[in-house]
Ligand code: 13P
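Next up: a single chain in structure tokens, the form predicted on its own.
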């Protein structure tokens, strides 16, 4: 099975020239490659025929929510996916599991495919509470939701640190997540995925794909990751 590759560009590109150069170097148009640019650059990627998602959405459909983007608006722009519950959003914007639940409902209502991010802190990891934390995050995030979603396991302590859990640990958690669902859920791994460790990570058969952050902003690294993941 071909693995999904998700490129979360976060807020690394801040000028038109940077985006234009990136688009010239990254010419990847495959059904299992999805790019998540800043909303202001979404149209540029869509015009280049990329499959696109957004990095976050509002928990509300419309109204006086300054600075937010509704699921309806990004769907109308052409986005197909939405990352929800990323650890950086949970931390920086004090996002709760209840808010994440509302965002997933908004995504599904507007025909966006949600990518639910779950993962434990370093303290929880050391206290062997990973499964407990993930179970709670999924239960609350998917309350009253029966439609299919995609899950990305991202241990908080691995994001942007260059440190990843062992393959055995990742495999154990991925399989644990899968048994929590009644359907054949796709579970991705994210957290310091790079061209240096993709060969090793790609050996984990339970992983259905990768959510890539910083390495996705470097075309040569991204292309190597895609090549290794046998897209």
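Numbering follows the first chain given and starts at 1. All values derive from a computational prediction rather than experimental measurement.
Beyond what is shown, the protein has a form predicted together with the ligand; the following relates to that form.
Although the ligand is omitted here, in the predicted complex all of 8, 193 and 214 have a heavy atom within 4.5 Å of it. Under a 4.5 angstroms non-hydrogen atom cutoff, the ligand in the predicted complex lacks residue 103 among its neighbouring residues.
Interface membership of residue 95, defined by any non-hydrogen atom within 4.5 Å of the ligand in the predicted complex, is ruled out. For the chain shown alone, residue 158 is a contact residue for the ligand in the predicted complex, at least one non-hydrogen atom being within 4.5 angstroms. With the partner omitted here, the stretch from 71-79, 150-158, 120-128, 135-143 that lies within 4.5 Å of the ligand by heavy atoms in the predicted complex is 150-158.
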